[in-house]
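Below you will find one chain, with nothing else, as structure tokens; this is the form predicted on its own, and questions on how it binds or moves follow later.
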């Protein structure tokens, strides 16, 4: 069993079945990319891993713990272990960058204010954001907002990071910055899932790539394997022939 195991995940919305039997495993320290066309429900799968969606049937295991029927209270320790990086950064508009990063530390740790300040300074410096500490989100570019959102998501040291379209809408420079941050976190041992349409970023950061199509995982493999299989489903998706 891996760090994350999803087994026969099925989900319908308003009578329309989006997922039939989605199954995949993410091993400890691995980054799994999930790709697929718009509307196939990639984000629904991600959201289910922190209990924001519930499957109609199937099982979701985090480190061997089946969480799909957990209550909000039972999900609290899961949500400190599993960080979700939202597509838009999801920052609190009324708070400075510093206060945005301080919030999870105050909520989920017993760190003193001086320890919190030290941790925030270190995190922002590591991500090249030291100059943004006192600014509010509205004063930042879209790329910087996403980088601050990532910094906030991982500041309490989660074991698993879920990336939901982290490079969407970014210019090449900021996409590369996000890639560098993800690779740095991978080097520290994080386990992650990377949902994206940005195939260059997927190939750059993921150890394996899974294609979600027609409510199931139809293909999965390492980037080099998928590149070398010109007739494979994933190559057809990349070239626009499938999905």
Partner chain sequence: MISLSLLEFFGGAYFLVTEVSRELWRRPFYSRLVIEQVYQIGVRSLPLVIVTGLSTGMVMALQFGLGLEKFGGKPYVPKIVSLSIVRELGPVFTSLMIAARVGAGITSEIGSMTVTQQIDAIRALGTSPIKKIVIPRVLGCLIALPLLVAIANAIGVYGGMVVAVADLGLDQQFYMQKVYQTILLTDYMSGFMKTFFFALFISITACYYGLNVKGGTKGVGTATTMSVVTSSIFIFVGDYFLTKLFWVFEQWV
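Numbering follows the first chain given and starts at 1. Since the model is a prediction, treat every value here as computed from it, not as a measurement.
What follows is about the form predicted in complex with its partner chain, which we do not show.
Every residue of the trio 47, 76 and 103 has some heavy atom no more than 4.5 Å from its partner chain in the predicted complex.
Exactly one listed residue, out of 91, 120, 161, 132, brings a non-hydrogen atom to within 4.5 Å of its partner chain in the predicted complex: 91. Proximity of residue 176 to its partner chain in the predicted complex: non-hydrogen atoms within 4.5 Å are absent; the residue sits far from the partner. In the predicted complex, its partner chain sits within 4.5 Å of a heavy atom belonging to residue 152. When contacts are judged by a 4.5 Å heavy atom cut-off, residue 52 counts as touching its partner chain in the predicted complex. Although the partner is absent here, residue 127 lies well away from its partner chain in the predicted complex, with no heavy atom inside 4.5 Å. Shown here without its partner chain, the chain has only 108 in 108-124 lying with a heavy atom within 4.5 Å of that partner in the predicted complex.
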